[in-house]
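In structure tokens, the next block holds one chain alone, the form predicted alone.
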């Protein structure tokens, strides 16, 4: 059997496993993306994306062709005015990436860093906001560098008390956790098609208030392609994206949204992910692995585990053993302790997680790793 014919269980932080229905949607008949029929499909997708996190028509979704980083850059470059100042909350790679974007645009900004895996204290952030003149704040909801779920609603409350708008990267929490965009306090919520919504990579989006977009003017010297107000207005007047959309990826996302709502309006998705987390994390801790983060900071969607301290351990070898058994794991990213990361997002089940735990136990035996942290397994 060829490698691409077997089902791999992806425990990496996206792109995630997809259903056969979503894969099949990619084979939809060819259509010119300027046809009205395709515009109606994109409109339905936009409405569905908002429905995941909000009831009503106050918010809308703006689609961009590109990975999640494209939509984050669209939000950052479009909403911070020339005379504005951005505060970037950084406790992992994705906050740091936004600081790089701000530097690339020559945007006035400050970074409040808590270190990779550090808890972003809302009181410290409030003090920073009081010490400067900020128009916007950026924060990641689920920082997949470590699997930490940041206290976004508390941070957003600090912002709104001071008239600061909040841009929230919800890349790997959107559709994976119960969420309301207003309760979260996000003025701009950013995500992509290939994470917990279980679509295909290549499409990302920004969800924000319709009235905000209608009054927003493009900022001179910023992006042409990743322009939030222009993208919104062009679709509102023509039913199309300004530039060529990823047609098949849109159809796949339409199917993914249909499947999301079929899971008890999303409640079933959240419950399934929780069951997957409990099977995965319970099994890992049963094998003797130690988490990087304390219980109260975990997202339940991705977990970082401290790497074994053993002479026969190596991440690449662990990865290759598990890959041969049908599982993909992911290396750590910049935490104060060496880790590897396991996600439980996508079209996976608790049974898949239990099968992984069996494969991990077999792999440890094959690698002759009898202690993880100096104690017997």
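Just so it is clear, the model here is predicted, and its values are computed rather than measured. Residue numbers count along the first chain shown, from 1.
The form predicted together with a small molecule is left out here; the points below concern that form.
For the three marked residues, 9, 327 and 352, no heavy atom of any sits within 4.5 Å of the small molecule in the predicted bound form. Shown alone, this chain has one stretch from 38 to 46, 22 to 30, 65 to 73, 312 to 320 that lies within 4.5 Å of the small molecule in the predicted bound form by heavy atoms: 65 to 73. This chain is drawn without the small molecule; in the predicted bound form, the residue among 252, 197, 171, 206 with a heavy atom within 4.5 Å of it is 171.
Among 291, 272, 85, 97, the residue placing a heavy atom within 4.5 Å of the small molecule in the predicted bound form is 97. Remark: residue 140 counts among the residues lining the small molecule in the predicted bound form, judged by a heavy atom distance of 4.5 Å or less. In the predicted bound form, the small molecule sits beyond 4.5 Å of every heavy atom of residue 146.
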